[in-house]
Every structure is written in C-alpha cells, then in structure tokens.
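Take a look at this single chain, the form predicted on its own, given in structure tokens.
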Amino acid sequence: MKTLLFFLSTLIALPALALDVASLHPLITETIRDVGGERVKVIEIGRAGMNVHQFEPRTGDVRKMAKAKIVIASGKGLESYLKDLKDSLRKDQTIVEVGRTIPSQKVSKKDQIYACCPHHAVGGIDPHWWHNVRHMERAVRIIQKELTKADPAGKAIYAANAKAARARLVQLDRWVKGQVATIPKKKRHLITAHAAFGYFCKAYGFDATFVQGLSADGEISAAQLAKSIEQIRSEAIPTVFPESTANPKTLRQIAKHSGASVGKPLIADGSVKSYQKMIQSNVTNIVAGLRK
C-alpha cells in the first residue's frame, strides 16, 4: 500500500508536458518566455542577430516547427514568407501574427523610398510596431490569449506572468517619457537613415526625417542631400542617428556638411535578445545626442 501511495505521489509531482511554441522573431521569443515561463518550450526560428527583413525559413527550420502547436510571428508583413510557410505546416498548427490587431502606421508616400527595405516600402505599412512600448504591452496580452487557448490548464500561470510582464513595460514606458522630457521640445527631431522609427516618434512626440534611400550603396541624389543638409542647419539639429545594421556613409556625409554630429547607432529591427535593453539603449543614445 505504501509503495502504491509513493508511486501515485510521484505521478502527481511530475510537471505537465511543455507547450511547444515556435517563434519567428527574437522579441517575440522573449515575450513568449516571459508569459509562458516553464510551461512553454520555445522553438527559436528567428534568433538575435538575424536580418529580419531578409530571413526565410529553410527546410530544417520547417522540420523544427513540426513539433509546435503554435507558430508566432511579429506580423504586419515583416515575415513576407508566411503564406508559403502555412502551406508547409500541418492543418492543426496555427500561425499567429501578433501585429495584426496592433494599430498600424503607414509610411507616407513621400517617405516610401526611405523605408526599411523595398518590400515594406511597396505596401506602405511600417512593421516596426514594437518601438512604441505600449504596443509591446498589448503584444503580451495577445500572446497570453493564444497560449491560454492552446493550453487552458495553464491559464492562471499565463495570467500571472503576463501581469508581471505588463507591469515592467508600464514602468519602461514611464522611463522613456521621463527621458524624452529632458530634451527641449524644439529639439525633438529624430533624423535617421530609414523610415523605421515612425511608431517611436508618434508615441513620444518626435518629428521624423529619413535621409537615406533604398539603394544598396546608400547613395542619394545631390538635391536630396542638399535638402537634408539645409534642414539640419536651419533647425540647428545637433545629431543624426545611424542604425546598427545600416551603412552610415550617407549620414556621415550629411553630418560633415551640416555641422551635426553622428550619434551612437540605434537598433531598428529588434533583432536582439532583450526588448528592455534595446529600448533603453535607443532612448539613451537619442537623449545624449539631442540634448547637446
């Protein structure tokens, strides 16, 4: 009898099988782990350091995803391969686009040639929704809902983890606003190479200018170059900002002729392990450059 009771007690103590979830973007991976905790096993397809605009899953990636009940993407057209991927997955597997229900911003017609890449310039939808911290808070709710739907028994765990994650994001959003408040309003003008920070600028009260076209070598016309230089001079903009994955050649040329400085690089595509560190790094660099 004692042996039977011991055996039953060990069965009760065994952890539940983890829910397999595939992630197509590094920031999504982090959020799934924050919400899912030990109850979820993340299959990382999109890893930190990848080029999120050029990546497409290979045959080996599709094989890895075969174990997943859910495949979670950033959405808003960032993963242009989703339709083909869906055809490669089982019918009982679900693809979730986190950005689908997050309010979209369009790249204006005049700025389309300065978008992050040709693919996203065509549609005009800016896929970089995560640069607004409140949007990431919304993403936590979406992922919580999807995990709960796939694993109802984990509802309480997902709810508690999501609540903690949202609380951290609320604090991060307050920190961003506090840092931005130290920049004089007339200096809140963010000049970057490509149109990748539209959500950030709208959320935190910046004007935005994009100065580098879509060509591989980053060259722009003499007229565009002169216009950018004149704008920086007339508005006395102290700093222009390169992106960590883009060639800073054109920005350096503009800075040289306008008298502006070249700031520390900003992370545009979210291809990092830590969302909080990315936001803190970007905001710290922007504040240091524009408070000059």
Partner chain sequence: MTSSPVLATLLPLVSLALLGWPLAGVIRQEPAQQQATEESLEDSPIRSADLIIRSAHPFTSVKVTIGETSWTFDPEEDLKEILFPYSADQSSVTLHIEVQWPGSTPETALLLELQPEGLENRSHTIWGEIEIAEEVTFDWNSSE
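Numbering follows the first chain given and starts at 1. Keep in mind the model is a prediction, meaning the values are calculated, not measured.
There is another form of this protein, the form predicted together with the partner chain, and it is not shown here; the text below is about that form.
Contact annotation for Arg90: at least one heavy atom lies within 4.5 Å of the partner chain in the model of the complex.
Contact check for Tyr81: a heavy atom falls within 4.5 Å of the partner chain in the model of the complex. In the model of the complex, Pro103 approaches the partner chain with a heavy atom inside 4.5 Å. The partner chain is not drawn, but in the model of the complex it has no heavy atom within 4.5 Å of Ile157. Contact here is defined as any heavy atom lying within 4.5 Å of the partner chain in the model of the complex, and by that definition not a single one of Val176, Gln253 and Pro265 is a contact residue.
Among Ala150, Val180, Leu172, Ile125, the residue placing a heavy atom within 4.5 Å of the partner chain in the model of the complex is Ile125.
Shown here without the partner chain, the chain has Arg134, His135, Glu137, Arg138, Arg141, Lys145, Glu146 in 129-161 lying with a heavy atom within 4.5 Å of that partner in the model of the complex.
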